[in-house]
Structure formats: structure tokens, C-alpha cells
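Given next, in C-alpha cells, is a single chain: the form predicted alone.
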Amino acid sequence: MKLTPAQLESFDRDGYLFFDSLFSREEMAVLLAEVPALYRQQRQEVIREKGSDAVRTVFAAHLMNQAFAKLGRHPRMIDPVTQIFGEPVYMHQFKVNGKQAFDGDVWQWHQDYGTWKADDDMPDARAMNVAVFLDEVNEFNGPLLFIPGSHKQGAISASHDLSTTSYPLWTIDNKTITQLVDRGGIVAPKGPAGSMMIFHSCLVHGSPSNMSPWNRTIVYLSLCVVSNHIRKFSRPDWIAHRDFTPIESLADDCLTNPSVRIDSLPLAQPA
């Protein structure tokens, strides 16, 4: 998958790209079928909502599950990022964000690079997220909110919120958000399962709670240029990975081709 000059210009201006229905229903069904087993696991990589058993995030699913391991090497997710950076990338973080029906909590306004810089000592914002919808994302089930153009501000001062939700986050104050929105507005990319987003690590974003009866599951690959790898290892390696090996893309049909297998999944539980 190669981005066009118009798409590259749009990404530079807005800080994100959206691809409606880039993956097929069959490909997404393969991944969605694996989610319940991930959610049932009682392990440190599975973060639950504050005061609830509902799953908020599953970290490092690509190290414990074959289908997600293949997604982490999928050319539609990897190749556009290497095209933008012009360099190979490694997996800084992989997470399945499960904003579950009625129970999915808010993600406060933040920049991902703010966290990666503060907690992991990532030198520069040469990293970005690629996200794919496993469920339909609509205006009711907690869509991601972007402030277009906010990535142009670079790393913005943030404070460490340790209490609002079950997961600590470096968040941006309301005054700054108001100023950014006055300039760029707010957009909420929505679409069917199989839609994909790419967004800059300095793009300011967040999401409201899910008050609807529909799950909203999104998988995020956080990809970093190999030469820009993190320097501090204070967080667990299942949150901020320490394997800086460049990702090699698999064949485009890897999700639905059972003959494609990943040899080693270090976090997989015994069969």
C-alpha cells in the first residue's frame, strides 16, 4: 500500500489519514473472534476499567496471539508509515482498546508522544499510530476525537493524571485544548469495521465514554523509527517494547491465510 502525493500532503496538514473499509469483513472477523479469549485472561497486560471488570486495554496482544501477531506485520499497516518516515520502524507499543458497551470509559485529551517522551525517553516525535476498527465506530460508541493540525505544535506541556481512569496518562489542560480547537476544530473519524487510521504521535486526541449498547474495539500499532528508539526502560516491556528489530511486512493475505504462522509468541499461554 503506497500513499499518494495528495494523501501525504493531507497528512502533513492535518496530522492524520482515514481509510474507509480498508480491510475486509472476513479479515476483521478473524481478529474479532480472538478478542473474547484475550479479555478472559487474568494477567497484567489486560487493564480493566476503574471499578469494573470491563476491559479497557490489552497490551502486547501481538506477542500472545497468532492473528494479532500477523496484524502487527501487515503491509497495509506497516508500509505507509515506513513510506512517511523513509526508514524502518519497530513496534513501540501494541494495544487492543476495548471501549465496551455501557462501560467504556473516557480517554482524556493527550498526545501519545507526550507520554512516550516523559515515560520512555523517546528522543523525537518520529513515531505514529496506525489503528484499525474491529467494530463499527459511530457517533454513539466513543469515537476517537482529533484536533486537526495540532501536531504542528510539537510536544505540548502536560500533567500526569493518575486518578481519572484506571490507566495513567499525560493530559493537556482545558485552556490549551480550547485554543487548539479554536484553530483546528474537532473531527471524529467514523466507519465500519475494517476502517483504518494513521495519526501523528503529536496529534492531540481523546475519546468520550461509551454510553451505547455497541462495543467499540480498536487495535493500535504504535510504530517508531528504529534510530529513534526509547532510551529509558522504567515501564514494563509489555507496555514499552525493547525489541528494536525492524518490522518485516508479511504477505497482504496473511490474516486469512492459515499457512502464515509466526514462529514464536513469547507471551502466549501454554495450550
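Don't overthink the numbering: it's just position in the shown sequence, from 1. Since the structure is predicted, the reported quantities are computational estimates derived from the model, not experimental observations.
Below, we turn to the form predicted in complex with ligand SIN, even though it does not appear here.
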112, 207 and 220 all contacting ligand SIN in the model of the complex, non-hydrogen atom within 4.5 Å
yes
Within 4.5 Å of ligand SIN in the model of the complex, counting heavy atoms only, one of 117 to 125, 97 to 105, 79 to 87, 184 to 192 shows up; tell me which.
97 to 105
Taking ligand SIN as it sits in the model of the complex, is residue 216 in contact with it (heavy atom to heavy atom, 4.5 Å or less)?
yes
Can you tell me whether residue 196 touches ligand SIN? I mean in the model of the complex, with a 4.5 angstroms heavy atom cut-off.
no
Can you tell me if residue 158 lies within 4.5 angstroms of ligand SIN in the model of the complex, counting non-hydrogen atoms only?
no
Any chance residue 144 has a heavy atom within 4.5 Å of ligand SIN in the model of the complex?
yes
